[in-house]
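Consider the single chain below, provided in structure tokens and representing the form predicted on its own.
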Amino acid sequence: MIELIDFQKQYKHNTIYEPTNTVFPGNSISFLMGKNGCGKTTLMKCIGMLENYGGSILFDKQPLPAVRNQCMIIWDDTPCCQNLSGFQNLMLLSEDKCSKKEVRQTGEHYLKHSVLNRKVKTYSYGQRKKLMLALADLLKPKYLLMDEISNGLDADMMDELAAHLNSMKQHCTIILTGHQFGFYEKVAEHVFVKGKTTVTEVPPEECAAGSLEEIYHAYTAQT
């Protein structure tokens, strides 16, 4: 699990998160939704210690430095080494934890051989996303955060991703953010809404009774 304890975040005089206590359960998929610019990506940056914050964030009761090599964040803009090929990026980012054969086989599950050998600067938005999904397969993180992961993926790839996430959750705490509710309804087990300065977990009975779009509008109507 990933736990926020008295978590708070401000930019100068702008409060993004008031003191917040929230638990994203382990071995399951949590979906965090909210309006554009409300602070979802900011939370992911704080979880990854890429920004300062108040309070504590614990990973199964441990601070990030103790589990850093078990964490992975896939960002919407999927930053990679642009002048290296997809295969070279996977070799570099997997930090020699995998053989060349394993990297090649995993990469070619998501991208054609010819694409994997091209420089990443020639990749489309969706191809960069697929490259990062291949990296997640290789690293097998215990804590995985995905920011707008469904953007740029075609319908077949989203179906495959949904099945893959449901398999990964057996050994992984997963937090997703995004706006393509049709996709996230296939995988989300716990739903959280970022309001103006808070994070609220939606009760399971509400999730069962309504669509994510209905829940989104109900919870964000006042923010």
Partner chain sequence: MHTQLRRDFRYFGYSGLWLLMTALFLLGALMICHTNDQHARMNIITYQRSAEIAERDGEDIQALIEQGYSNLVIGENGGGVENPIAYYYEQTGISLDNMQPRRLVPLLMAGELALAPLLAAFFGLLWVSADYKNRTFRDRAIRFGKQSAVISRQLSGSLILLLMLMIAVLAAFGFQAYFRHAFYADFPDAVTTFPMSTESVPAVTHLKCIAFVLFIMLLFYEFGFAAGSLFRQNPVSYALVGAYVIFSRPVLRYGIANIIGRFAQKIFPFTGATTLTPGKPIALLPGALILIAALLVLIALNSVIVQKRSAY
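Predicted, not measured: the structure shown is a model, and the values here were computed from it. Positions refer to the first chain, counted from 1.
There is another form of this protein, the form predicted in complex with the partner chain, and it is not shown here; the text below is about that form.
Annotation: in the predicted complex, residues R128, L165 and A188 none come within 4.5 Å of the partner chain through any heavy atom. Judged by heavy atoms within 4.5 Å of the partner chain in the predicted complex, the contact stretch among the candidates 190-198, 23-31, 46-54, 169-177 is 46-54. Exactly one listed residue, out of N117, Q82, N151, S99, brings a non-hydrogen atom to within 4.5 Å of the partner chain in the predicted complex: Q82.
Taking the partner from elsewhere, L111 is found to have every heavy atom lying beyond 4.5 Å of the partner chain in the predicted complex.
The partner chain is not drawn, but in the predicted complex it has no heavy atom within 4.5 Å of T106. Y123 falls outside the set of residues with a heavy atom inside 4.5 Å of the partner chain in the predicted complex. The partner chain is not drawn, but in the predicted complex it has a heavy atom within 4.5 Å of R68.
In this stretch, 138-153, the one residue having a heavy atom within 4.5 Å of the partner chain in the predicted complex is L139; the partner itself is omitted from this view.
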